[in-house]
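In structure tokens, the next block holds one chain alone, the form predicted on its own.
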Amino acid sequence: MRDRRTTAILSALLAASLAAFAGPVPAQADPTEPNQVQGLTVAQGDGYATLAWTPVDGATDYQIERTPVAADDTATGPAVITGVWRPNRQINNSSPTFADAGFNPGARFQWRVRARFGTTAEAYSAPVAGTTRAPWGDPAVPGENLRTQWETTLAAQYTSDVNEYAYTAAVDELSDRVRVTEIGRTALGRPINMFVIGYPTPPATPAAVAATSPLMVNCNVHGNEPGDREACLIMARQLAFSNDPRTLDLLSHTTVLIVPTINGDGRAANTRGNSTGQDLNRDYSLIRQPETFALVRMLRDYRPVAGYDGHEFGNSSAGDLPMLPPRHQNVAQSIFDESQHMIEGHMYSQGAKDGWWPCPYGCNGGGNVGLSEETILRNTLGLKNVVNSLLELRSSGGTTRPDEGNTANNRRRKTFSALWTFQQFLDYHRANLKEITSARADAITFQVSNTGRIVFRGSRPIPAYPSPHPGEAPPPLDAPRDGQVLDQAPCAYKLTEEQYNGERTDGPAGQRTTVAQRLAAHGHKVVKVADGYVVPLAQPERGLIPLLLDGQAVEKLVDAERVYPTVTGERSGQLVVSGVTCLRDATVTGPVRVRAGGTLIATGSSITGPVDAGGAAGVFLTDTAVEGPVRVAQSSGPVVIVDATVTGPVDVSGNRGDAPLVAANTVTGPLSCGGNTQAPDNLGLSNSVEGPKSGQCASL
């Protein structure tokens, strides 16, 4: 998707710093040299320097040279080619930039750039010298002076688990903006900590955090891919102690959630998988492992609206920063579109400004990657209506970063490129929160309507752009195969007692969870009926439920029974619900009464008459119009009233199950809620109510 809107807030935030800094003075070379680069400038960032220059007509690429120098700019070491600029690095390749990285922050260097025509190198530009930005934080200020093991060893060592815990605790202790919470434990018992960061203090409860439309960074799922983790630990310090206007503005408008190490066992062992050998990024839907179970439960409680998931990628020909949105076809179109805009509309353009090279994951011969497995976090997040992207740090320097035979140089480039990405993610969320939350709202209302086919495996295409362009080589399309599409979605799935509560054999011994526990961790609503358990699809994560419960699914938990609609078309007279009744595209003229123990699931329907449910096992009223009052009282199970249009009063009272969902409804009349065991929730989607809102629904 091409950039479709401006980001006015981001521009305003940048304006102050740009006004205070007119930019570096361009270096002018001797104009008598043919094809010599002119106008070289160097601007310093966190762990990188952005070089920009005037292009030379007809040049095929450019080489970047860096030389260590003393304060008087005399060389203290040899000149080295550290980068090669090619036109597919950026969308506006007529204004070349390059993010030179890998050096030790705080050192001083001289840079030169030369054009090449094929393999023929032209004269270098005039040199530009500068001191790179020191590691963030004043060494004399408590909190700011904290450093990770990776920083203190100049990237010779990664931060150990012991050092991470000490660093995390110190940040927590010294900053009022930070609360560190343990969201779970690894299979071997290591804590999985999460930074909760807000200004002046973070909200006190998960529900209060959810109300701020938070964003999340998951930093280290594969233990042998630690570059993002180091970036996250540095960013946590910056957010905790920086007093610059941008940081304070960001944290005043949202809450930042950072999970530095979900796979602590794999990080300690430097292995891709956890201690059982499981690739955790193939388990986020099934949540067989304690690590993935903990993260998914956190998503349920904290409800981030946007996320990034950090990895490293072994293709040395790829861009610096391969990225990818959630591609599974059950992800709502609005989530896919907004995720793509974050990547192509923001990361591509900002990368071109700062000299980084984002591209689609799989670009430039990356192979059969970036597919549609729902077990992968970017797809799981998309199915949970979270705008998000994968981030893959290119593991090796390759031909465009030839000075990374030095391990520390390679590690620094990866970590500081991740830090740049995550900071850009914060800026995107701040400037585009309205669009992000709108995409989420559209996704939830689409999902609860239970419309459209079910795809068990199959990805959305990533468009290819004409070369040269960062998006010229997208990943392959894995279209649904035969048997991987269900055109007529059921109303619900029914599980037996054994399927729901029976002992499982998947997962680590002694830490296995039942299907009941896993569905609860996902936040899926389940109705207890006389002979089993019913999971309606008329709920916010409709796209994920069949992937877990349908016998046709590729990686399922159980082979549950499909429950199809029982009432469709026109029906006159009173409708009495005593068992499980599913209405889809039905027109009911007459009252609907749900008896004690009955379950009503109505989607895409019209009811002319009152809906009265007293003591029901469950009530799901979504994408449905009711001309008459709606009363749901004393239910023992879930209550979901989302995207309904009610001409009359709505009363939700005395229900004993989970928090009733009352969201995105249009009510011509009063909305009253009281005496529910858990207060109703609107998931951040306000109800339009012409009458008064009272009781537990007063703020909905």
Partner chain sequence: MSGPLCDLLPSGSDPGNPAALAGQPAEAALQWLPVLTTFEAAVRASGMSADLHDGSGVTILAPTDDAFAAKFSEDDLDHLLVADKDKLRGLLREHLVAGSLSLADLVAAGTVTTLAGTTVTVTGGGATARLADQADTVCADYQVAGARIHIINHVLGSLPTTGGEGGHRAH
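Numbering follows the first chain given and starts at 1. Worth saying up front: this structure is predicted, and the values here are computed from it rather than measured.
We do not show the form predicted in complex with its partner chain, though everything after this point is about it.
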Would you say all of 629, 631 and 668 touch its partner chain in the predicted bound form, counting a heavy atom within 4.5 Å as a touch?
-> no
Quick one: of 91, 269, 433, 210, which gets a non-hydrogen atom within 4.5 angstroms of its partner chain in the predicted bound form?
-> 269
With its partner chain left out of view, which of 390, 616, 256, 492 would have a heavy atom within 4.5 Å of it in the predicted bound form?
-> 390
Look at the stretches 343 to 351, 178 to 186, 450 to 458, 404 to 412 and give the one with heavy atoms within 4.5 Å of its partner chain in the predicted bound form.
-> 404 to 412
Is there a heavy atom of residue 274 lying 4.5 Å or less from a heavy atom of its partner chain in the predicted bound form?
-> yes
Proximity of residue 378 to its partner chain in the predicted bound form, heavy atoms at 4.5 Å = yes
Consider residue 311 of the chain shown here, and say whether it contacts its partner chain in the predicted bound form, taking contact as heavy atoms within 4.5 Å.
-> yes
Partner proximity in the predicted bound form: residue 315 to its partner chain, non-hydrogen atom cutoff 4.5 Å | yes
Residues in 33 to 54 with any heavy atom within 4.5 Å of its partner chain in the predicted bound form = none
